[in-house]
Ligand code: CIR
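A single chain comes next, written as structure tokens; it is the form predicted on its own.
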């Protein structure tokens, strides 16, 4: 990866959508954590562009949800929550100035968020849950395969977590780290999942980029899994984003 888009934390962050009961985020700390995250990406040779905060959209720091980037093309998503759809349009100019942009669809059936889209080598897993439905996944599949017919797209129905990548991320093409609080509705037959202890399940959201694994530094097991996968471990504290159901992958769009 050579480039990243991130978006500053808005003052309205505490009004965002969350299922957690961890209390409101500390804005000053959240901003320091966000800056450390951007610095970590920069240390890996990534050019990081920081977009302005969007006060009218409390969840807008979670920029991953607004687009899926593959093959040099950004596909703008359609979030399940109507109040988040303005985030997609707000990101359009920044993406359009850097690459071709296509729409998942602004109307009709189907919704999809980037947090449910997991690339692992030539495999793409699309989580079917609260934020992405089969119609939205089907639209994404159609658009991706029209540009890259060699990609294999698989649907993964799940429950127990907000997004698929909240509870399952890839450390390699056939190696994954998982949160036991995530319930898959069918057997996982696409590689090995190393399951974290239940009390460390929140650390299953690992961001693998340029030979490094950015992980929740509170989890010893996550550090072990990242190191065993041959990745450079980079621990980060994102406690305030966890309060809002966010994690490491949520905070950037990478290409």
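The structure presented is a predicted model; accordingly, all values stated were derived computationally and were not measured. Positions refer to the first chain, counted from 1.
The next section is about a form of this same protein that is not shown, the form predicted in complex with this ligand.
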| query | finding |
| --- | --- |
| Listed range touching this ligand, judged in the predicted bound form by heavy atoms within 4.5 Å, from 155 to 163, 135 to 143, 118 to 126, 88 to 96 | 155 to 163 |
| Residue 250, heavy atom within 4.5 angstroms of this ligand in the predicted bound form | yes |
| Contact flag, residue 17 vs this ligand in the predicted bound form, heavy atom cut 4.5 Å | yes |
| 4.5 Å heavy atom contact, residue 62 and this ligand in the predicted bound form | yes |
| Non-hydrogen atom contact residue 238 with this ligand in the predicted bound form at 4.5 angstroms | no |
| Those residues of 78 to 96 which, in the predicted bound form, come within 4.5 Å of this ligand by heavy atom | 84 |
